[in-house]
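Single chain ahead, written as structure tokens, the form predicted alone.
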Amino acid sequence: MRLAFEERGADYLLAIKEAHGQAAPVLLRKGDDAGTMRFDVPYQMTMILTNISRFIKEGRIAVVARRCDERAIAELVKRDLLNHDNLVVIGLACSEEQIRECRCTDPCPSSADIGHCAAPAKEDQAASSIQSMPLPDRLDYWIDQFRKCNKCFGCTLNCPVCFCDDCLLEEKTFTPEKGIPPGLAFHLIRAVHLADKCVECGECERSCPSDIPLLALRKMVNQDMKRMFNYTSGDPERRSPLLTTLEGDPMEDDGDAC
């Protein structure tokens, strides 16, 4: 609380608070009872921040952010969905256990205000194993995985950078109302659409009731983006190479934040 309000000059604080034996996100004002703050719950704070920021017209919001939150915020700022001047980012270093769970290779925030940075994961063994398959076998593997999809939309609803007002995947052309699984188009469109946005937070994989290795897929696409364009999502300075023409000029803005 002191760090957010007194040292950083925030007017609000978005964090995790424990109450009645449960932990949940809260928005606090200066002088509110902070109670017991929790920093061990991997709650996706960026989605909450995006939703509440539109209702707070004045004042700065401090948010406790892991490295993936920090990267997601950078992507949303670049698309004018968040205003950087109205934010105070308090860096939260992930624990070794959380790093192992997310197979995270970039776990340390720009400023570790809370906790101490632990060593990153060396690689995602699942992604490496799939990547080593011959192309026909790799295709068969993903077809088998996507056949498990029950069209719950958990991967889209819990993604911090899935922000389109009109989701293409909800159109009947790509996701018919009848029939499970939804077909390959659902997952392939999402893979391409997030190619320059995914911050590897792992929410898609954690949300999937069918245990589809979606985080491994996302990491593989991110590796391709790095190899082909030398681009890493969450870079606050660089514009996405997928938003430029073949000559490298920025595409004309048509008002669509996607």
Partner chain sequence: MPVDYILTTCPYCGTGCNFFLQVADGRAVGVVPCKTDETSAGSLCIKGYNAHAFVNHSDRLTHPMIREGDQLSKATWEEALQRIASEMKRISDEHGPDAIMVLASAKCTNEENYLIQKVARAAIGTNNVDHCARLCHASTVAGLLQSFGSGAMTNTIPEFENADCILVTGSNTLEAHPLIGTRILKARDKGAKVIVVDPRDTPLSRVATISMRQESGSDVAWINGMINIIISEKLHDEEFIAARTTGFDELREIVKNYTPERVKSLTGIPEDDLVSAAKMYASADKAMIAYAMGITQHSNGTNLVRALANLAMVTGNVGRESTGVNPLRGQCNVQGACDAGALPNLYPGYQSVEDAETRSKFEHAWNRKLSEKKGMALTNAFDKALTGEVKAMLIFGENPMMSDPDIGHVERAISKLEFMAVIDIFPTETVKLADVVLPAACYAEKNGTFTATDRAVRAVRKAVDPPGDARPDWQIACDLGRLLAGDGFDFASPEQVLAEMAAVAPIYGGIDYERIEEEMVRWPCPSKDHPGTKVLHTESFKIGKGVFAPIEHTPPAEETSDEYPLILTTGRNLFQFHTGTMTRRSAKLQREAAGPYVEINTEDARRLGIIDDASVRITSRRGTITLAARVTQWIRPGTIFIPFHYAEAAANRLTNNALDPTAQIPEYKVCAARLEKA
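Fair warning: this is a prediction, and the values are worked out from it, not measured in the lab. Each form is matched to the other, and the largest set of C-alpha atoms that superpose within 1.5 Å is called the rigid core. Numbering follows the first chain given and starts at 1.
The form predicted in complex with its partner chain is left out here; the points below concern that form.
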> Which single stretch, out of 114-122, 78-86, 93-101, 146-154, brings residue heavy atoms within 4.5 Å of its partner chain in the predicted complex?
Replying inline: 146-154
>> Under a 4.5 Å heavy atom criterion, is N51 part of the interface with its partner chain in the predicted complex?
In response: yes
> Would P25 count as touching its partner chain in the predicted complex under a 4.5 Å heavy atom rule?
Replying inline: yes
>> Check P107 for me: does it contact its partner chain in the predicted complex (non-hydrogen atoms, 4.5 angstroms)?
In response: no
>> S210 versus its partner chain, in the predicted complex: is there a non-hydrogen atom within 4.5 Å?
In response: yes
> Does any residue in 33-63 get within 4.5 Å of its partner chain in the predicted complex, counting heavy atoms only, and if so which ones?
Replying inline: R38, V41, P42, Y43, I48, N51, I52, F55, I56
>> For D106, does the CA position differ by 2 Å or more between the shown form and the other one when the superposition is done on the rigid core?
In response: no
> Once you line up the core, how about D140: does its CA shift reach 2 Å between the shown form and the other one?
Replying inline: yes
